[in-house]
Structure formats: C-alpha cells, structure tokens
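One chain comes next, on its own, written as structure tokens: the form predicted on its own.
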Amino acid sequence: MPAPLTTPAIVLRSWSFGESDKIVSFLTESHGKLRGIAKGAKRSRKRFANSLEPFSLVNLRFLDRTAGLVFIQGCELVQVFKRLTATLDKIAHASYFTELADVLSNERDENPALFAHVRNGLAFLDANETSEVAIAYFELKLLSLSGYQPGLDHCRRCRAGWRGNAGRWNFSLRDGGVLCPGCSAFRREVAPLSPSALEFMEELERANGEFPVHLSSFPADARREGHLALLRFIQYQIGKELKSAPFLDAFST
C-alpha cells in the first residue's frame, strides 16, 4: 500500500455520501484540486473534528488512488476563519471566492501560487470589511493565475491603447479583453466600460500581492462595472453561471 500524502489544503465544499460518509473538495498547495471521501465523517467527532467545514485551512492526509476520489485519512485543522461564517455578508463573499477557486482550478494541477491567492483572499475577508475592490482584485488575479488573464491595456483587435482614445470602450467576452469603439462594432457580446472603470481595472492589474484597498476611492459605478465585466468573462469561460453570484450581488457594496 502506498504511503499517505500530506499537504496544506483549503476546504472548498463538502456534501453527504450515504449515511455516514462525506465527499469533500479541497484546493491543495501540492496537488491542485482534489476530491476525496471521508469515511464515517458524519459519525466521527475525533477524526475529522470541525476540519471539513468550508473555508477551513487544514493539513490534509490522504491516500492517492491515482484516479477518481482520494481516500481521506485525516484532516488537522490549521486555521478557522471564524468571521467568514459570522454574517450572511461574509458567507456570501467567502462562498463566491471558494466557488471561483473550484471552477478555475484543475484536478491535480499543482499551482502553489493559486493556492496562496485563495488562502490570502479568505484571510483578507476574515480580517477586513467586504468590498467590490476586494472582489474584483480576487477575480482578476485568479484569472491570471489560472491562465485566463484578460487583456485590459489595449484593444484586442487593433491594439490601440485606450488612454487618449475617445468614445465608448467595451469588454468583449469572446476576445478576452477590451475593444475600442470601432472594433466593438464587430462583436455583439460586449459590456460597456467607462474610462473610470478602465482605469480601475488597470490599477487592479498593477497591484502586486496585496489587496489594493486604496482603490476604494474609485467611483462605485466604476468598481461595479469592473466586477461585472470580470464575472461575465468568468462565466463565459466556464460555460455556466456561478451559483454564488446572485447571493453575493445582494451584499456587494
């Protein structure tokens, strides 16, 4: 029998399986996204004591069956982000972050930087007030780390820069970035972006490693335009709507 493997992991979601077991989805630091079965998890209070709850940071110990579900031998709780379940607002944001991590990460695709970004995102939510700046930054960097970085500094068709070019620019889902007014005429699935929203998204791109709370000075409309453009782009890439998005929308400020 192979030796068990251990890795830091974030619990993305879990659901019941049979009378006593649970299936759990993890984002791990060393093995990408994993789904595993925790035998007797609903009955054992010692073996998995509060360590399979969503948003938890754990040390996961498992046996790898090379395909399908791994066998979860145990989970050691490392950190509980207690404030994330204290209010509906925090739950909405944390659920959105973990769903994004789930849909934009690949099974068994090791990506330590993506893991660190999700961990830092949950820690930031736990310690700070929620905002559309935090949401948009989390979305944009997660897209970059998962290989879906949108083009925001120039038109994706003619390569013209948006600064100094008058007219209504748009975000094209199909082209994966912004289009100038002229090139926008060739696309139907575009979302308009004001100059303020374009500048906001450009500043998000420049943020390096820390949540750019200073960008809350941007107009609320610009912040919301940026977030909605990124949300639509994500849903276009994955081919479905995010279940947590309507819940989040009720609390976005």
Partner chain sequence: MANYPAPLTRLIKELSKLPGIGEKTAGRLAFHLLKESAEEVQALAESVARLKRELGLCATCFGLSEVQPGNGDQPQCGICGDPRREREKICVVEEPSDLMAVEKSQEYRGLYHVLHGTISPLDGVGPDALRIKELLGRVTVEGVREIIVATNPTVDGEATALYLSKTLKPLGITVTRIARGLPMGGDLEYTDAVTLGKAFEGRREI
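Numbering follows the first chain given and starts at 1. Source: prediction; values computed, not measured.
What comes next is about the form predicted in complex with its partner chain, which is not displayed.
Although the partner is absent from the chain shown here, none of 30, 140 and 148 has a heavy atom within 4.5 Å of its partner chain in the model of the complex. Contact with its partner chain in the model of the complex, defined as any heavy atom within 4.5 Å, is confined among 157-165, 103-111, 130-138, 86-94 to 86-94. For the chain shown alone, residue 240 is not a contact residue for its partner chain in the model of the complex, no non-hydrogen atom being within 4.5 angstroms. Proximity of residue 244 to its partner chain in the model of the complex falls within the 4.5 Å heavy atom cutoff. Its partner chain in the model of the complex comes within 4.5 Å of no heavy atom belonging to residue 123. At a distance threshold of 4.5 angstroms between non-hydrogen atoms, residue 12 is in contact with its partner chain in the model of the complex.
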